[in-house]
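Let's start with one chain on its own, the form predicted on its own, as structure tokens.
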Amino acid sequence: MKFAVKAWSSGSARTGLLQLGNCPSPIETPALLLSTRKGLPYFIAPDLLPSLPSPDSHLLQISPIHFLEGLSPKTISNVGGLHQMLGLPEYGFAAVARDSLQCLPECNSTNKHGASFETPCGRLLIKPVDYLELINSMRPNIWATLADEVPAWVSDKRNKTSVDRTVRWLDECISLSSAGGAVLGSIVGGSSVEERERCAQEVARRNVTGYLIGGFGLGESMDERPALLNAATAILQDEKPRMVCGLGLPEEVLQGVAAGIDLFNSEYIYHLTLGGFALAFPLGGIKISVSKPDPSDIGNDRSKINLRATVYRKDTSPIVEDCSCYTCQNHTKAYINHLLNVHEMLAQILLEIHNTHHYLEFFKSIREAIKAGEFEQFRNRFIESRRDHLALAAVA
């Protein structure tokens, strides 16, 4: 893996190029990692992956813990790793133990031996040696070391213990690794700026390729998050990529970009798709008209539309008029509304294609704003537009 920073804007916001050996083209950052279940997006089949923007869609995030209920590590290794098993040789895989859907950290059951996760298979204790057995068999392009992630409300003593364990497991993971790939050193620290700084300092001393800043989306507030992000990124080397887990909403992504984060995960798309929502906010100037909202939109933030609503039953327009995704080019709101109401899985397939495409284009708009030196203006316009619509919906 090779990474280079190309442009800066508004302090820490930056664009870069991430080159993975098997991907046909470099991937521009800030970039979105597509969330997967055992290596594939939840509703998009492999033959539909090429319909997504390339190469932006060529980075897939996996949780090795998903594979504990299926093939053994030895079988996966004999097949040739994930790329061969899934038939996706031109895609990059980033392996992170935690995801926000299936593998949630359970801090009360974590101990000095390993990290505990709530999974569909029950509560599992994952030791560094078990984790590296999975990593070595899968051979992902990028993988993050095991971390003891804790929610914001734990005691100072428990928070300090999580940092000590994460640093110790980092050394164990590096010593056990035989698969190659880029190693992201995990950084934790809960809601303590001091502990995040201490963890970042320890990880920055190690021989890692990049960084995973974890422990977000676990109870911290939006207001305290910038200080926690900046506490870590201010210490890390600029020439190494930074990934974050737990920031999914557009405002949260913009918070991360402002702190200098390069890679983001995408459970947000899954939640939207499962709820029948489609992203519909403008991508260029982020100037959203504040006309009177439809009754079905009350309570929404107007960046998305609820395609289950009856108002779309006879709407023969695409989700977004100028969208070039497969769904908008071939299907209407009325058709997707029908599919949702008869519980047809094709609805989720078409929605995930559109939502993934739209969110990838949102990241492209962020990169263009950074290159133009206008990231902070872009961010302020976006947040103000969302605030205006929330206020209008409340009045209505």
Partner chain sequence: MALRFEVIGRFNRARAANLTLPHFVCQTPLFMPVGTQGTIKGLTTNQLEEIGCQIVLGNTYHLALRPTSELIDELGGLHKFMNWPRALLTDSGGFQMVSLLHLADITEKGVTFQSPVDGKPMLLTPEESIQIQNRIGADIIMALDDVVKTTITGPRIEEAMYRTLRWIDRCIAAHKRPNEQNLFGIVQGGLDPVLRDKCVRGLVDRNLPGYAIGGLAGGEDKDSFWRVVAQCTAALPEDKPRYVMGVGYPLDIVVCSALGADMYDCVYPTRTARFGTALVPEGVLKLKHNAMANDTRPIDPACACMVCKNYTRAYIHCLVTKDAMGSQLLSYHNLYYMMKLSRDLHSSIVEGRFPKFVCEFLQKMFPKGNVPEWVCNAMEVAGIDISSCCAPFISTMSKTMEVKSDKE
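Residue numbers count along the first chain shown, from 1. Quick caveat: nothing in here was measured; it's all calculated off a predicted structure.
Here the subject shifts to the form predicted together with its partner chain, a form of this protein not shown in this document.
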(message) Between its partner chain and 33, 111 and 324, in the predicted complex, does every residue show a non-hydrogen atom at 4.5 Å or closer?
(response) no
(message) Please pick out the stretch from 23-31, 359-367, 53-61, 334-342 that is in contact with its partner chain in the predicted complex, where contact means heavy atoms within 4.5 Å.
(response) 334-342
(message) Quick check on this chain: which one of 205, 314, 157, 123 has a heavy atom within 4.5 Å of its partner chain in the predicted complex?
(response) 314
(request) Heavy atom within 4.5 Å of its partner chain in the predicted complex: which of 209, 201, 75, 177 fits that? Just give me the one. (result) 75
(message) Please determine whether residue 71 contacts its partner chain in the predicted complex, using a 4.5 Å cut-off between heavy atoms.
(response) yes
(request) Using the partner position in the predicted complex, report whether residue 37 sits within 4.5 Å of its partner chain, counting heavy atoms only. (result) yes
(message) Since only the chain is shown here, I'm wondering whether residue 79 would be in contact with its partner chain in the predicted complex (any heavy atom pair within 4.5 Å).
(response) yes
(request) Although its partner chain is absent from this view, report whether residue 173 comes within 4.5 Å of it in the predicted complex, heavy atoms only. (result) no
(request) Scan 44-58 and note down the residues that get a heavy atom within 4.5 Å of its partner chain in the predicted complex; none is a fine answer too. (result) 44, 45, 46, 47, 48
